[in-house]
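The chain that follows stands alone, in the form predicted on its own, written as structure tokens.
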């Protein structure tokens, strides 16, 4: 089986070399950078689904959180915001939110037995209402002032790597809250809940103009490595080589990051923790019966997977240098990640890596390849007097979904467990 894996990765390498010849080196490196970000996201989903069987269909929400976080941490300081009353008013809103959270937490501490049992639900509703009113009384005037005086908050001007880390932390915090609420649900209900929460996150980021500029977008987000313009300014006269060096530097950072994370994931998966998670995934009732805290462990792995997704989302936003909430679509930022896991192999980190790179390449090149094919067929049909194919560009774009559907169909037919399926080592 190891030989089969080596052949698959070798074939993937040949495909990448062919792309370098066809699409040229700068475009191929750009494709690999984006594919590496998706590889990290796929590893996060593989942790949740492949390790623990958690059906998370809200991947897009965590990617948006990562993108918004890297903007807040790494975008340059907005002097108009810091010189206004915005920071002070925002601080009051944060204090109000913390006070409201403490109020709600205090009500939840009321025992569910005794004389207060009957009024506990009513008090909880009142606590939520009071917390909401107090918070809105502070955040609304703050948002109005920030949008009028400064446009939006801006960033902290820190290195983008801190922004990537912040994206992971924020995604982990949100995943913890979601997990505390939703992980008691069955897999189908968990999927519905995560879809809803993902859409809520998208709506918030899209409409919180004071924080993210909403549909006005934020750009340019700085790179962790020199940009092509920086390399050209340092004395590189060849514009193409400047692009290649800049994109290669960015790719090197992402590859190193993935290698470190992959190493620790493999260690965890092959150790006692990984065996425990697989036991919970395969039979959570039996795992609970032998003393394992199933809910706590599922929450733990849900947060871990979300952290990786948040970092991947931050990398995507950093590379394109823009945060555009309208550009996030479920098919591009959730469905395709699931296809990567299905085709690559759930429960196998090597499969997740292979599936991420392979599927992203297929997704990307299917449009230009279809455009070339349709153009050839159109020329032949026109020469034969049948007529040219209309709207070739739009038809080629639609072929991306068709080709991806074919890949899924063949994968489920001939490799239902993935091209590199999970392999559990047993000790005799």
Partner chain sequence: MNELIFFVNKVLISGATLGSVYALGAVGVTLIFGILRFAHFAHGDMMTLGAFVAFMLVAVFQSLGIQTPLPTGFIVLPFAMAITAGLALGIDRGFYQPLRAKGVKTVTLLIASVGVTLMMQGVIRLFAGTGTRSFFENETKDLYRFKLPIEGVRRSINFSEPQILVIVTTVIAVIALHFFLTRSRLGKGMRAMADNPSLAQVSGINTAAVVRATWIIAGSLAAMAGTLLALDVILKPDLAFNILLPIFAAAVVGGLGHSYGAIAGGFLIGFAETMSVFNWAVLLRPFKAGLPDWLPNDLSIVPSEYKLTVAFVILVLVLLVRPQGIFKGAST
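Note that this is a predicted model, so its numbers are computed, not measured. Between two forms, the rigid core is the largest collection of C-alphas that superpose within 1.5 Å. Positions refer to the first chain, counted from 1.
Omitted here: the form predicted in complex with the partner chain. The next part is about that form.
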### Task
Identify which of 401, 361, 388, 372 has a heavy atom within 4.5 Å of the partner chain in the predicted bound form; exactly one of them does.
401
### Query
Of 170, 301, 218, 193, which residue is found within 4.5 angstroms of the partner chain in the predicted bound form when only non-hydrogen atoms are counted?
193
### Query
Using a 4.5 Å heavy atom cut-off, which stretch among 193 to 201, 99 to 107, 218 to 226, 242 to 250 contacts the partner chain in the predicted bound form?
193 to 201
### Task
Using heavy atoms only and a 4.5 Å cut-off, decide whether all three of 8, 26 and 257 touch the partner chain in the predicted bound form.
no
### Message
Taking the partner chain as it sits in the predicted bound form, is residue 338 in contact with it (heavy atom to heavy atom, 4.5 Å or less)?
### Response
yes
### Query
Quick one: does residue 57 come within 4.5 Å of the partner chain in the predicted bound form, counting heavy atoms only?
yes
### Task
Indicate whether the partner chain has at least one heavy atom within 4.5 Å of a heavy atom of residue 331 in the predicted bound form.
yes
### Contact flag, residue 189 vs the partner chain in the predicted bound form, heavy atom cut 4.5 Å
yes
### Query
Taking the partner chain in the predicted bound form, which residues of 168 to 182 have any heavy atom within 4.5 Å of it?
178, 181, 182
### Message
residue 413: after superposing the rigid core, is there a C-alpha shift of 2 Å or more between the shown form and the other one?
### Response
yes
### Query
Core-aligned, does residue 36 move its Cα 2 Å or more between the shown form and the other one?
no
### Query
On a core-based superposition, does residue 55 travel 2 Å or more at its Cα between the shown form and the other one?
no
#### Entry: in the predicted bound form, shift in Cα separation for residue 412 relative to residue 18, 3 Å or more
farther
### Sense of the change in Cα distance from residue 394 to residue 326 in the predicted bound form - at least 3 Å versus the shown form
closer
